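First, one chain by itself in structure tokens, the form predicted alone.
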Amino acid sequence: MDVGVVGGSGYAGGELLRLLAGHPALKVRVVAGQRTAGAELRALFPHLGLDGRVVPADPGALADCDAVFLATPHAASLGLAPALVAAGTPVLDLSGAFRLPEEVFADWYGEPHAAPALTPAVYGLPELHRDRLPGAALVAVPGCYPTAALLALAPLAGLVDPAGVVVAGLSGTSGAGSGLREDLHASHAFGNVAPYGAPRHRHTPEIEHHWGQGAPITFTPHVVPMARGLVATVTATLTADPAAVGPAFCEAYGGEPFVTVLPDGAWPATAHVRGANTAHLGVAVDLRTGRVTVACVIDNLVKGAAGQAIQAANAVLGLPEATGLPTAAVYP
């Protein structure tokens, strides 16, 4: 099956091209972009050794694709997705354009939604929404922080007080994209850790909406001095028997190919998932405080973006979910 990648010059787009290069069923037919239209792929991604050039991001250039990945800012996705969906081409959108209901999007993005009939799209977190993916016309691939936070939170539904949930997120600098920013210069970012975006980070309503417990959360992201990797640490007050926590996680993820719940007393590390489409979770109950702590680590560019998009695309197109996706990390 032929696929297109729009936004191929960014980190997520480049990671899509890397992973798709080894996919046995999905072949990249078109790489499209605006700023980089005409550029040689070999020059943009010398580590991939690809031939060809970037074409202008136009629905017509993608007409013969069996699916299209949009690794674009939300404004570009809003401009491209409706025409592709109308033409019957499945779309996997990695931006925040279609993750939220129209009114929530308008509140947090500060603009009316340009395609309200299409949002919220099917949410592309297969571990939680697998049954809605086959044949989906439009998939909203989750953000990196929500992926880790929701995998940590989902088994806690009904076991904790939804009010007062706190999520602390830490991500490598690639989570901010490949654009030039002063605070991401190596001399600023490396040797430095800083919170940002709170309390109005756009991933906050995404976590709230897709956990679906009807209560606000507190989410504080931080940028840490490494290129890739992400950890989301959730704390919440237990309202159920503490002995139910471990079994809830085992039941939720016991059969999942990409999610590992670590043994009691073990905590996950970003180095153990680097380059893989995997998530590792550590869980601990504190009987002294009556609270539970769950930490989830992912590679923000793989399970947090490109790998998850391919996992969802596999499900949409009727392929085994794990096709073409690595579970072995690069270590050290």
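We number the residues from 1 along the sequence you see. Just so it is clear, the model here is predicted, and its values are computed rather than measured.
Beyond the structure shown, there is the form predicted together with a further copy of the same chain, which is absent from this document and is the topic of what follows.
J.: Would D58 count as touching a further copy of the same chain in the model of the complex under a 4.5 Å heavy atom rule?
T.: Heavy-atom contact with a further copy of the same chain at 4.5 Å: absent for D58.
J.: When the contact criterion is heavy atoms within 4.5 Å, does R29 count as touching a further copy of the same chain in the model of the complex?
T.: Answer no; every heavy atom of R29 is more than 4.5 Å from a further copy of the same chain in the model of the complex.
J.: How about P46 - does it come within 4.5 Å of a further copy of the same chain in the model of the complex, if we only consider non-hydrogen atoms?
T.: P46: contacts a further copy of the same chain in the model of the complex.
J.: I'd like to know whether H210 contacts a further copy of the same chain in the model of the complex, with contact meaning heavy atoms within 4.5 angstroms.
T.: No, H210 sits far enough from a further copy of the same chain in the model of the complex that none of its heavy atoms falls within 4.5 Å.
J.: Have a look at 78-86, 143-151, 157-165, 240-248 and name the one stretch with heavy atoms inside 4.5 Å of a further copy of the same chain in the model of the complex.
T.: The contacting stretch here is 157-165.
J.: With a further copy of the same chain left out of view, which of A115, V122, L128, A189 would have a heavy atom within 4.5 Å of it in the model of the complex?
T.: Contact check passes for A189.
J.: Go through P134, P195, P101, G254 and name the one with a heavy atom inside 4.5 Å of a further copy of the same chain in the model of the complex.
T.: Contact with a further copy of the same chain in the model of the complex is made by P195 alone.
J.: Given a 4.5 Å distance limit between heavy atoms, list every residue of 215-229 close to a further copy of the same chain in the model of the complex, or none if there are none.
T.: Counting only heavy atoms within 4.5 Å of a further copy of the same chain in the model of the complex, the contacting residues of 215-229 are P216, I217, T218, T220, H222, V224, P225, M226, A227, R228.
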